[in-house]
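Read the single chain below, which is given as structure tokens and is the form predicted alone.
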């Protein structure tokens, strides 16, 4: 039985571990936190997962909250006018629903599930020195912890990383108590609000310990008015500050959220990071090699909501590649080939996400404007969140956007 060590207990690491256990691999996961510490800890992300990623979970029986989690059946876009009314306001339908489960709920339960299924879990923080000493005991070591010193094992790939600083400052709250959205009260949908020159406000229907909730989060242009959370205020103050900024910049959302409250005392998050692609193989001081996965090697800004989707897809690609390797060694060449197989899909997300961090060019505004009265455009844009490779065919290149617009007008 081949022995695999996975350092990190997030979406990518645990999905891969649970998948490999189903195929009888000897899997060990190292987690810095116990399930109870995860449950009592701060929220970590917004994680709206679209159909392809959800199906990877279903394939291995990991969709434990599908029945009670709101089914997100569309995605809406609102762009503010100079007077703070909405210059554009539409919603497009998803062909297959998306869902968002609080990762505190999911990762704590998945850790326990892994142990129930015979996997080993070591609850301990991990340093480079620890990993260096452990590699000789395993056939393969993967690093799935996107924060901390282990990330430094993987060099930045400058050809695939156009940014050298963070492009947005993030502020997230999990809340409940808001009435259903008046634009489409019978349909759960992600809402993408844009205030030009200031930033974006996303709202995601989700599920947490207390049941269904909503997850508003700011994507603030650094130094702008929404970039107001660097002092990491307590949850109640964090949400009060978000409401105040909503009232000023997204008044239509404030109207709905003004009486909402945070779901718990750890339901807020603030931060930001530089989008980056790293080399997939990390070199250890003793000469050993480890393979990076998910946001260790491809960290996109969350403006397109692809983080957990990428993590799930990475786990699925890597699981398949590990199984196909059979008894042959997991050497550096195999590690690079495995990553490139994943990158062939992930590069579309990175290209699209990096483009969305810039002010929308004229051809994109023309498409968004036409979508107001054209459901074909709305549907195609919205379903691109499940298959971002489609955007290169009609949305990103200006000439193809013009051709597409002419073909559907």
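Because the structure is a prediction, the values reported are computed rather than measured. Positions refer to the first chain, counted from 1.
What follows is about the form predicted together with a small molecule, which we do not show.
### Query
Taking the shortest heavy atom distance, is residue 194 within 4.5 Å of the small molecule in the model of the complex?
No, residue 194 sits far enough from the small molecule in the model of the complex that none of its heavy atoms falls within 4.5 Å.
### Message
So, residue 263 and the small molecule: in the model of the complex, are they within 4.5 Å at any heavy atom pair?
### Response
No, residue 263 stays farther than 4.5 Å from the small molecule in the model of the complex.
### Message
When the contact criterion is heavy atoms within 4.5 Å, does residue 273 count as touching the small molecule in the model of the complex?
### Response
The answer is yes: residue 273 has a heavy atom within 4.5 Å of the small molecule.
### Task
Would you check, heavy atoms only and a 4.5 Å threshold, whether residue 371 touches the small molecule in the model of the complex?
The answer is no: residue 371 has no heavy atom within 4.5 Å of the small molecule.
#### Entry: One residue of 307, 199, 282, 206 in contact with the small molecule, assessed in the model of the complex (non-hydrogen atom, 4.5 angstroms)
The residue from 307, 199, 282, 206 that makes the contact is 307.
### Message
Can you work out which of 44, 63, 40, 52 has a heavy atom no more than 4.5 Å from the small molecule in the model of the complex?
### Response
Contact check passes for 44.
### Message
To test your reading of this chain, name the stretch in 55-63, 359-367, 32-40, 374-382 whose heavy atoms come within 4.5 Å of the small molecule in the model of the complex.
### Response
Looking at the partner contacts, the answer comes out as 32-40.
### Query
Are all three residues 16, 98 and 318 in contact with the small molecule in the model of the complex, where contact means a non-hydrogen atom within 4.5 Å?
Not a single listed residue reaches the small molecule in the model of the complex, so no.
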